[in-house]
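Here you get one chain, nothing else, as structure tokens; it is the form predicted on its own.
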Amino acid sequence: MSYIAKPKVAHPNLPRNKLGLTARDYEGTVSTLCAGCGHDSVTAAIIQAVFQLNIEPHMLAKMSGIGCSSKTPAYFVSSSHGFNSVHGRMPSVTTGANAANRSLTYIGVSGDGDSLSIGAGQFVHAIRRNLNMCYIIENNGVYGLTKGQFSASADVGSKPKKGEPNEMEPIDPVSVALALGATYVARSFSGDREQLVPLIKGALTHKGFALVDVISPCVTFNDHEGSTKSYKHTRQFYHHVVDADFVPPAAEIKAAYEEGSAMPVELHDGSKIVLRKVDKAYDPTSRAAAFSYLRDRVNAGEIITGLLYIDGLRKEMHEVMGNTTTPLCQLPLDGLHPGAAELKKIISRYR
């Protein structure tokens, strides 16, 4: 994989965040993906999200597996931490990193092939542990690096560029996440930055496992007539269940929306996601309602987007395990070592 550095020249009047950084400071190398790839639009949304959240680059950890999607971390925040793991193993690597240093903000970028086939077991257990991370799936329904075979998310009847239509039932990452108890579940479209940016911001500030499934068309292998992951099909059947605005803790929201027009959901850091309801009967804080609505809309042939479910009460992994609030990587050796007496007690149990 080759990388091309971007030029450092930037306009002097670019907007700066509270750290004095511009959006250009959150960029990475030049993308080597196909021109028009939806993944590059996701990269642009991530850059805007971390810029607007004032995240210090050295406090961000970017994780990925294998696939076109897993090249994405090279294209944003070049001065952050990063780990490109093997195929399907990003969740376990992130779990280990998070266990050692809980002070970092973790963002994992994966694909439908990386997460729903070889990495399905790892994906499941990251949700089960409520690992504190933002998990983005760039979902295009194909294996792009190996020339367009159907992935596990390909819909029944979806046509390839060559060969027979898919007849296998798809795995829907949103439904899986809801079933396993993920505490933040959202779906968006790579071509809708207005919706995608606040959803990513909400996921990054949520305490617990936050899934953002992004329909991200593959322009080379899955953007033709008959594909259900193409730009044309997604735009035709795109349906907003809610529009989300991200409101930082310092902002006052009471006067910004008329009564009954919005549902503010407070995140752990005091910031809020304000949901402008399209369907007034939909409640994103009810898992049962999310399941029912998602099933009905899928049966109607619609692609549901927005913040589908959020639970701000369930404990994340460190809280469940009762870990120290000090990152393990910052503890001195005597703070990590149980001591001779405690070791003797542990060993005695195996005699």
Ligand SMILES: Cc1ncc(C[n+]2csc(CCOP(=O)(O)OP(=O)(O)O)c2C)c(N)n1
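Owing to the predicted nature of the structure, the values given are computational and were not obtained by experimental measurement. Sequential numbering from 1, following the sequence displayed.
Below: the form predicted in complex with the ligand, not depicted.
Between 100 to 108, 136 to 144, 178 to 186, 202 to 210, the stretch whose residues reach within 4.5 angstroms of the ligand in the predicted bound form through a non-hydrogen atom is 136 to 144.
This chain appears without its partner; in the predicted bound form, the one residue of Ile66, Ile303, Ile55, Ala61 with a heavy atom within 4.5 Å of the ligand is Ile66. Residue-level contacts in the predicted bound form: of His87, Arg128, Lys232, Lys161, one residue has a heavy atom within 4.5 Å of the ligand, and it is His87.
The closest non-hydrogen atom of Ile118 lies within 4.5 Å of the ligand in the predicted bound form. Contact residues in stretch 31 to 48 (any heavy atom within 4.5 Å of the ligand, taken in the predicted bound form) are limited to His39.
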